[in-house]
Ligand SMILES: Cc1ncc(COP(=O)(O)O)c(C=O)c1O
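Starting off, we have a lone chain in the form predicted alone, written out as structure tokens.
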């Protein structure tokens, strides 16, 4: 195999060397439980490290440290906020069946949680998404009911990268007395994310999407009274989320948040330039390329295209053989043979969805990497088209 060019950063990113270095002592020398800080010097070191990480994450998203709840990642955060708020609101605030509003193209952490709530008797409205891949706030407005407890719309879609008008949707939610959540897993540390500017009550983040470790994330909670505890246990996270803290992971998340904030302005500009160059030069060599979703309202690291006359599976396999790692959709959906629900939700038919690939860039992506992809992919497409 020739060089490896990793273009699946929307699925996960490599842990930054500086993040790993900061994590290492908490596996070995500083292994104490942070909850023992009151009577243990080792526990105090761990406690201080956890709280420093909380401050770093808060600085990245514009919140207060005490509004940052550590979780195992975006999926847990999404499950927690949907199930915790709808149940609490229906039982304590509305005294009737709670109603959830979300969108058809959400990550499965949201969609499957919504379906689980439906099975329990709660009402869910799935708002349709336009061809551009952007949710229309007017559609959210029409979906609102007196019983609506929560609106959950992702900040940017994980497959097509389109950025949603979260601030406008949050205003609508609040006008109707509902709470607002956004899954910001694909945007945090990639574009500016500020919880007050967005106007959200809850926001989900996952460390491994911006060069932190897997298995750790956060849920921003503006008001702790708005949701039920998700894991009962030893009183961690203000009694809202029991379980011994994953100290090395939390420390890694904190360092990744610090680096992400420092690097964000230049990385936003650099990745936008690389992505646009990739699209421009591929389009110049390959006929029949169509971008899935809006190209302007899009995170800088995402390019999702369909290529007429090919099937994405043999193309991705051929790219992999050439050392280019990419995807046909969400990593969480990789084993399914059905077309991407995201692409069908924006109007792609089965053939169009199965001819689409996602090329996602990251901090480690170089100009040389992009040029290599530009050199290799057109030849693979030409060969596959000739075989078809």
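Residue numbers count along the first chain shown, from 1. From a predicted model like this one, the values you see are computed outputs, not experimental measurements.
Note that the form predicted in complex with this ligand isn't included here; everything after this is about it.
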property: Partner-proximal stretch of 130-138, 154-162, 257-265, 274-282 relative to this ligand in the predicted bound form, 4.5 angstroms, heavy atom; result: 154-162
property: Contact assignment for this ligand in the predicted bound form, among 302, 102, 206, 182, heavy atom within 4.5 Å; result: 206
property: Answer option from 98, 293, 249, 73, heavy atom within 4.5 Å of this ligand in the predicted bound form; result: 73
property: Partner proximity in the predicted bound form: residue 186 to this ligand, non-hydrogen atom cutoff 4.5 Å; result: yes
property: In the predicted bound form, residue 190 touching this ligand (heavy atom, 4.5 Å); result: no
property: Exercise: residue 107 in contact with this ligand in the predicted bound form, heavy atom 4.5 Å; result: yes
